[in-house]
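One chain is shown next in structure tokens, namely the form predicted alone.
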């Protein structure tokens, strides 16, 4: 089964450890390789990218490694890719043209 790693108990995202397709179920594991449960993906998520472990509302912080690293700009349902199409970095102001290019290159589903 495809796994996703949650780095810290406070995290609201996990990182995919391999490519996963829309509708696939992933096993979320802790940093101690303990099973934390399963999650169905709402869209394809490539290796190394983040999946929302619980819904986020606009302005909610994305927590990874126990640290706020991003902010939701639109609702992010559980199981959705948490990336540039719905999250903005708290540390880096990425120009819209770059965000659009990332979305195109990664073939991210945008609603």
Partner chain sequence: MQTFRGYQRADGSVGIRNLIMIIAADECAEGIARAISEKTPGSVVVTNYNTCMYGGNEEMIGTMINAATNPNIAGALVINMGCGSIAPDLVAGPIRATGRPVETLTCIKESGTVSTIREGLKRIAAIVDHANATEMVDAPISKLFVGIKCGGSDTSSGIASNPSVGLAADKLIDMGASAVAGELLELLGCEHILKERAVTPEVFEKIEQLISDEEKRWHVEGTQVETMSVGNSIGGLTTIEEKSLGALAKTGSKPIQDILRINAKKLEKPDVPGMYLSETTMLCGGSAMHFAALGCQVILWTTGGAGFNNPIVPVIRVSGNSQLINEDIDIDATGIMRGEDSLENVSEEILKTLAGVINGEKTAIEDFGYAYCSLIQKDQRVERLLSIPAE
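Residue numbers count along the first chain shown, from 1. This one's a predicted model, so the numbers in the text were calculated from it and none came from an experiment.
Just so it is clear, the following notes concern the form predicted together with its partner chain, a form of the same protein that is not shown.
Proximity of residue 12 to its partner chain in the predicted complex: non-hydrogen atoms within 4.5 Å are absent; the residue sits far from the partner. Although the partner is absent from this view, residue 89 contacts its partner chain in the predicted complex, with a non-hydrogen atom inside 4.5 angstroms. Taking the partner from the other structure, its partner chain in the predicted complex has no heavy atom within 4.5 Å of any heavy atom of residue 39.
Taking the partner from elsewhere, residue 48 is found to have a heavy atom lying within 4.5 Å of its partner chain in the predicted complex. Checking 44, 84, 28, 72 for any heavy atom within 4.5 Å of its partner chain in the predicted complex turns up a single hit: 84. Contacts with its partner chain in the predicted complex, taken as any heavy atom within 4.5 Å, map within 2-30 to 5, 7, 15, 17.
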